[in-house]
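Single chain ahead, written as structure tokens, the form predicted alone.
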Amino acid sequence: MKIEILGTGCVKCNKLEDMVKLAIRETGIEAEIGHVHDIKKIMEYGVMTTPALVIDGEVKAAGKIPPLEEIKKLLGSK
């Protein structure tokens, strides 16, 4: 599974990344995590507000930090 956090490095973007890492640890899911800071690449996903969570190329959440349990469900939906 490939997970990308879209955001320019703001506090919320970094918090989302931390939450995703925690969800991965707690669920034991194998995943590669990346953080996309480039605004042009972020816009290629059609995301206009960050932070955003992308799982295997599909935007799952944008403009908010989902609760930990929701992140776990999103990770498990693949």
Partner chain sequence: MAECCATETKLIYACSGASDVGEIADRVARKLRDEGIAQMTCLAGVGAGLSGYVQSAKGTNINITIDGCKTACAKKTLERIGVKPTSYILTGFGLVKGETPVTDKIITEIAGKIKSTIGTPAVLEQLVAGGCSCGGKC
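Quick caveat: nothing in here was measured; it's all calculated off a predicted structure. Numbering follows the first chain given and starts at 1.
A second form of this protein, the form predicted together with its partner chain, is not displayed here; the remarks below concern that form.
Shown here without its partner, the chain carries Lys2, Met19 and Ile24, none of which come within 4.5 Å of its partner chain in the predicted complex through any heavy atom. Contact check for Leu68: every heavy atom lies farther than 4.5 Å from its partner chain in the predicted complex. Looking at Val47, you'd find a heavy atom of it within 4.5 angstroms of its partner chain in the predicted complex. Residue contact check for Ile29: none of its heavy atoms lie within 4.5 Å of its partner chain in the predicted complex. At least one heavy atom of Ile39 is located within 4.5 Å of its partner chain in the predicted complex. Taking its partner chain as positioned in the predicted complex, the residues of 1 to 19 that bring a heavy atom within 4.5 Å of it are, in sequence order, Thr8, Cys10, Val11, Lys12, Cys13.
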